[in-house]
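Two forms of the same protein chain are encoded below as structure tokens; each is given separately, as structure 1 and structure 2.
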Structure 1
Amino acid sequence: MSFFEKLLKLDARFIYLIMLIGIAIPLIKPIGLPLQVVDTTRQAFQEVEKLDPGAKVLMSFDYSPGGAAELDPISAAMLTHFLRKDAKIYAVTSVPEGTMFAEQNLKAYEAAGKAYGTDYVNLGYFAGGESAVAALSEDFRSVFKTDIEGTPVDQIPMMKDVHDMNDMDMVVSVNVGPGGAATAQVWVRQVAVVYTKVPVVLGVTAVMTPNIMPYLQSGQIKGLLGGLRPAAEYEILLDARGNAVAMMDAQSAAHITILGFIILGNIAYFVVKPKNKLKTN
């Protein structure tokens, strides 16, 4: 058996081991590769820049732990920006675990001395996916009677002037995609298309980005951050390098390792293929 034939029958565990080493090295010792900011990230950033101080932002943390590695840095970067713009945050989620991600990310507001109920509020989980998004857009109180601490909505100062989606200055959904929740497309269909004066910005996983890109080009959504790289670019635009920038080196290593395997697999395949043909003849 030749070297390439052996290579084609390589045990998957060797591949996993090389992947592990390839990803672990830059995580332990970051290289700090420079990053170019692309237009789509700049567009989302500029949309937030347009907000006036005290703007009302509905932020939906529509992700579970599976998508958190990619999406939590997007939430963190955007919340840093909202904090600088002195925006008020109305946190909701269509995923049960999303409540905890909202809580964790809103600690940035708490740390900055912002007051709960006046500057930010966590309204928690809403069940019902697309219909619930439509319902809350028409009337917040039809879906949310209390916040996550059980305080009636009417007793929360920042909810006084909020009745429907027209009262918001921006809607952000950081979204993991299908799985019983309100998907990114739901926010387009029920908010972006209906409440055209309210800009919608979406944060999605890299794998979902191709599906959402047409909505950005059509102008239905005003910003799109797809995956870890835009989160890192957003941190650069904010001049607040955080987790996303640190993780980009590891992602570079993972992509290069996978590409290396694809090239190696193809070389082995094309070396072995003619030999197999000869044997068959």
Structure 2
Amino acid sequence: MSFFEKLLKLDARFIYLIMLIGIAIPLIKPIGLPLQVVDTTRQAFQEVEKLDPGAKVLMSFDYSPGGAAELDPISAAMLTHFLRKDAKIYAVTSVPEGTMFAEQNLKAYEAAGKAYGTDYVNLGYFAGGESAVAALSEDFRSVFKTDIEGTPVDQIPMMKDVHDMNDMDMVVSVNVGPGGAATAQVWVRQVAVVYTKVPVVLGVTAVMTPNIMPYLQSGQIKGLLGGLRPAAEYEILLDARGNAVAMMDAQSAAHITILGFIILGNIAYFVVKPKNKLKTN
């Protein structure tokens, strides 16, 4: 039996095994496959670059585990940038599970020696969707009385001079979309359109990008990161290749492996087919 005949009869389990190895290697040790940074990612990056040291950033982790694979790398990359800019982070979420992702990502600030309550704070979950975003924009204390630890807002040092959305230097929503209580469109309507001096940056899933792109093109939002790839591009701009780049390498490796099997399978088919015809004749 020739190589190509063996290939056509290859057990599917071996194909799955090769796929697993092909995906696992880049996750363990990123390859660093070439990745071109698109203009939208660069625009979001440059918007953060404009922030002065000590800038106040409201960051809403509006996603659940279902969207975390695409959105958590965006949160991590942006927080790395905010950390470099010495920005103060006011974390909130309109999705109950978002509190968990806020806590996980804010560990970067803790690891960097930043002080809770002075450099970053997690105000936690707010219910009410669009009406709550409108309310907190007008008066933070109408929505948040305490942080997630139960500390009264007025006892938190970094909340002293913060009263409404005009006190923020940037607003970021990393948003899972229709499943979230406060969608990306809500942040556009209630913040970007109303508080025009406060730049809004949105992180969304790749499938949401076409729907949100008009807000970027119109200038209503100042930055848009849509899915895993922009997160990897953002890491490249930061020169801090992390999980997003590794995941993009794994995705590319999977595509290359599948393409390789398709090519080999077709070659094997056309090589073996004439032989089978000769045997039948």
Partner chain sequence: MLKNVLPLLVTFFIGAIMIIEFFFVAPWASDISGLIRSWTPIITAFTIIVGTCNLLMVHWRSVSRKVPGWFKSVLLLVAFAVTVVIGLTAGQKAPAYVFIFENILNATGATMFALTAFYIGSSGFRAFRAMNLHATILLLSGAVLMLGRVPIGEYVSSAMPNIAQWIMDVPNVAGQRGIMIAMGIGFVSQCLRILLGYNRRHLGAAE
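For the two forms, the rigid core is made up of the largest set of C-alpha atoms that agree within 1.5 Å on superposition. Quick note, the numbers are simply positions in structure 1, starting from 1. Keep in mind that what you see is a predicted model, and the values were worked out from it rather than measured.
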Any idea which of the pair is the form predicted in complex with the partner chain?
1
Can a Cα shift of no less than 2 Å be assigned to Gly227 between the two structures, given superposition on the rigid core?
no
So that I can tell if Pro26 moves, could you say whether its C-alpha shifts by at least 2 Å between the two structures after the core superposition?
yes
Could the core-superposed CA displacement of Phe261 between the two structures be given in angstrom, to one decimal?
11.5
